[in-house]
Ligand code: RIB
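A single chain comes next, written as structure tokens; it is the form predicted alone.
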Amino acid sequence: MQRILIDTDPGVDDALAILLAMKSSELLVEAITTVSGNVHVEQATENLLRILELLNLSKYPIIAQGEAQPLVKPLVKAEHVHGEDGLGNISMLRNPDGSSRYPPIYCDLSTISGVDLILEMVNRYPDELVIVALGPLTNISKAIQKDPERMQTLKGIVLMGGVFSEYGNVTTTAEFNVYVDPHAAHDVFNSGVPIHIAPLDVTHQVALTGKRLDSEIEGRSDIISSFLKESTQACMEFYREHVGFYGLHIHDALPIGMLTHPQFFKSVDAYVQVETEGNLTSGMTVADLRRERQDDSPNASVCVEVDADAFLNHFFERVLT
């Protein structure tokens, strides 16, 4: 069983990834840290508590709130994609008695920061812990800055971020997580920690359509089915208007699958660099992914292909069980 710490900015696709991780017997989610990205970190923490409430767990991971602002740039958020609350506005939904349909769990957050919890968990599980990074890399960068030697004992970092051969989803050249904090991404890619990346190039290969979701939850009345339907509607409407299909890409779920079912994925080793200053290219990730031109000193393994059907089947099998 792989011990992991999830660093996240929920976010609809983050929510799907967290559900998948918590329902994967191959993984032991020791801790979850939140960071500003899709929404401000305070909203991200509330969203995480709503997601965990769905699972009726006997024991919850350690939870800590992380960084509110990127290292250098002003914060850019994505409520226009994910809804005002980041989860498709489910916080506004009410039961007939007026109670919240999706209340957050009531549990104590860690008294230490997200950055310090990362360092504490790395210290507790040296050479065992994998960080799964689903948002901007601010927390992880600050942990590296604070104690680089300790962070070298990470088993690895698996992250959703970057784009190499497609257009970005924020600017022409940049993917959201890296764009929000390119300086943090630069630090992480140059940390010497083993890194595995699921970029937009591969997450765009997995499209969850509204039709597929409806077919999977038809006839079901459980809370997770309801959550999948109601939390994804705002995203799906955004995709219909701006991308051209009624559905969404479940970006952040792919790093979870990379850990539990690596046979679904193909990757290449590469030297990944991040543009931090360009007026037109800030947040751009640059690497030569041509197999015949592999660099002698790669700093990451970049996923380039996924068996989309197998992954989606696996996703629903796990999340709806």
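All residue numbers refer to positions in the sequence shown, first residue = 1. Since we're looking at a predicted model, the values are computed, not measured.
Same protein, other form: the form predicted in complex with the ligand, not shown, and the subject of what follows.
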- Query: Would residue 113 sit within 4.5 Å of the ligand in the predicted bound form, counting heavy atoms only?
  - Reply: no
- Message: Against the ligand in the predicted bound form, would residue 160 count as a contact residue? Criterion: heavy atoms within 4.5 Å.
- Response: yes
- Query: Is residue 177 one of the residues lying within 4.5 Å of the ligand in the predicted bound form, judged by heavy atom distances?
  - Reply: yes
- Task: Indicate whether residue 134 is a 4.5 Å heavy atom neighbour of the ligand in the predicted bound form.
- Result: yes
- Tell me, which of 233, 91, 169, 205 has a heavy atom within 4.5 angstroms of the ligand in the predicted bound form? 169
- Message: Under a 4.5 angstroms heavy atom criterion, identify the one residue in 285, 47, 34, 38 near the ligand in the predicted bound form.
- Response: 38
- Task: Pick the stretch from 98 to 106, 215 to 223, 189 to 197, 169 to 177 whose residues have a heavy atom within 4.5 Å of the ligand in the predicted bound form.
- Result: 169 to 177
- Message: For the stretch 54 to 84, I need every residue with any heavy atom inside 4.5 Å of the ligand in the predicted bound form, listed N to C.
- Response: 82
